[in-house]
Ligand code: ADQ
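Let's start with one chain on its own, the form predicted on its own, as structure tokens.
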């Protein structure tokens, strides 16, 4: 049986007590199912990185990591990945910046990934590369003589050609993707955008590149079990006691401008203005752990949200009621699932998102006898599957305000029907279906 080799920018090592993101959870699930090698950056910066990766084996998985220099980190990660590709692929063109030196650094780090990975490969390996950090990796591996099947999965949206063309080397990026044997996307719309880019870059006829939509999912039964069990834990009981009988609306997001938190806070303020009967009866809990806080754009959004929280609470709070609780901290995953189960409304309104697993986790965490309602951005990939959510445009503050009202007043029978339909969709496209489907297509 062939060995699976997964490659991602960062690796979640088993010895680190970190709450992993969706990419890490998905890769780990695939690796636990098959075993194999997981290769990527350790998260460490060194003046003189080792010429060979550091290895750690736990069970059937070997973790191989390399470090970066400060210059590589600044150009590759802070620069091209997070100041160029991230905003561009999320259609947030006002935040897009390009620097030729960043692009040079991006390609150089991908070359070093390839040089350190290639000696570890076996003839029958299948290689699965993850996300926008590593788009040139297949080309670099092929240049070193690697002939094994290489697949690529993009966890974030893929922009339309007219947006991608803002990037000076956009055609090179598209050509790099054609070096993979299979390119996977979260949604059919992302796949269609890629084919439009192929047609634009190769007017004489694009190369035969296999593509597919493979929506990433969650481990539904694990989430259900975690959420139910967490209701008896001290942190969740303490949170529920602190509500003093009030209803709870919850948002859980990384602190990132693509998540639409500034717009969401403004919509909640408008909701309190227009629907005064809910004042004193609803608490909105927003959990937003810090993300990339060494990048100025993320420090700016943190400051904006703190100011928005102060304005909302200063205007509407009473001696025994704080309408908005905003927390910049991580919680253990089971605790978060318990918070979600206790909530009557889940608020997930990114400005653009490849999928958004928080929306799926909220649905799975609910009590099917008395489920909460989900308010979900139409610009998240999850909206293609979760048709039972109250779908909103995150830029429409009035519309989001009205959706919160609709969610709070939705009859029980309607909530149950919507929840049952969404739960069925989650089971149809769960985490196992994602990685087994992709790997079967890779062959």
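Predicted model, so just to flag it, every value in this text is computed and none were measured. Positions refer to the first chain, counted from 1.
Absent from the display: the form predicted together with the named molecule. The rest refers to it.
- Between the named molecule and the residues 302, 111, 175, 155, the one pair within 4.5 Å by heavy atoms in the predicted bound form involves 155.
- Only one of 338, 354, 346, 323 comes within 4.5 Å of the named molecule in the predicted bound form through a heavy atom, and that residue is 354.
- By the 4.5 Å heavy atom rule, the three marked residues 149, 185 and 437 all fail to count as contacting the named molecule in the predicted bound form.
- In the predicted bound form, residue 423 stays away from the named molecule, with no heavy atom inside 4.5 Å.
- The shortest heavy atom separation between residue 208 and the named molecule in the predicted bound form exceeds 4.5 Å.
- Shown alone here, residue 358 lies within 4.5 Å of the named molecule in the predicted bound form, counting heavy atoms only.
- The named molecule is not shown here, but in the predicted bound form it comes within 4.5 Å of a heavy atom of residue 252.
- The partner is not drawn, yet in the predicted bound form one stretch among 177 to 185, 327 to 335, 119 to 127, 162 to 170 has residues with heavy atoms inside 4.5 Å of the named molecule: 327 to 335.
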